[in-house]
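There is one chain below, alone, in structure tokens, taken in the form predicted alone.
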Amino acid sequence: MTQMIVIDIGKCTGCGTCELMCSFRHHGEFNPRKARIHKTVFLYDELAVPVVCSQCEDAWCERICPAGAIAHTIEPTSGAAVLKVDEQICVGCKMCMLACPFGNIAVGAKGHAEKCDLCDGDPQCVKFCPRGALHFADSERGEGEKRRKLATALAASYKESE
């Protein structure tokens, strides 16, 4: 069973702790611009939406990489399927950035692609989220959770409109 980061948008306050912990884990500094998870805040709607790599099964970034630097691996501790970038092979061409429809991969200051690697099966963004808006769950459970939350929100919206 593969695992993924599941986001509960209703619990996210936009505090940025996820970004800070991600950048600290990967770069040793608290710098949201270096994070591999990013939040978008919609002030007028009072909504914050964290976005992180979905670890796509048929990933466009993996398919388009001319150097073959992006490949699926299985994390031994969690069993999570992760798309990882081999920094030694990556040439920094940015084709993966163009291919990702979600904008979840970037070429960093060191000249190679960077994306969520699930922190080797122990995602720091999940561990330190103060509101519990992020969960590390089995992908099937995560998909079901997303469907249930969407259905609940739609039902509540329908009742409000009556």
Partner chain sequence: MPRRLLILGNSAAALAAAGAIRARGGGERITMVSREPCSAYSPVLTTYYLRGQIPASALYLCDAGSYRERDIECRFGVAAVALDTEAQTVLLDDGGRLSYDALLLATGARARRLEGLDAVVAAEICYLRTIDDARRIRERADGAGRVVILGGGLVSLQVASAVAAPGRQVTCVVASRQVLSQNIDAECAELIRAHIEGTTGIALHFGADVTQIVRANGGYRVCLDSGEELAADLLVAGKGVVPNIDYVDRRQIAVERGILVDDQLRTSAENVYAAGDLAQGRNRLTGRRELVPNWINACEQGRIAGANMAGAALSFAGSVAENITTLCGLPVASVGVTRPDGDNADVREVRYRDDERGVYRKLILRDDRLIGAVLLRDIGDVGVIRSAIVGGRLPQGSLQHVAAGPARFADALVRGRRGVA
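Residue numbers count along the first chain shown, from 1. Model, not experiment: these values are computed from the prediction.
This next part talks about the form predicted together with the partner chain, which is not shown.
Trainee: Taking the partner as it appears in the model of the complex, which of 130 to 138, 65 to 73, 22 to 30, 116 to 124 has residues with heavy atoms within 4.5 Å of the partner chain?
Mentor: Of the options given, it is 65 to 73.
Trainee: If we define contact as a non-hydrogen atom of the residue within 4.5 angstroms of the partner, is A59 a contact of the partner chain in the model of the complex?
Mentor: Contact with the partner chain, no.
Trainee: Please determine whether M95 contacts the partner chain in the model of the complex, using a 4.5 Å cut-off between heavy atoms.
Mentor: Residue-level check for M95: yes, a contact with the partner chain.
Trainee: According to a 4.5 angstroms non-hydrogen atom cut-off, is A48 in contact with the partner chain in the model of the complex?
Mentor: Residue-level check for A48: no, no contact with the partner chain.
Trainee: Closest heavy atom of C53 to the partner chain in the model of the complex, within 4.5 Å or not?
Mentor: The answer is no: C53 has no heavy atom within 4.5 Å of the partner chain.
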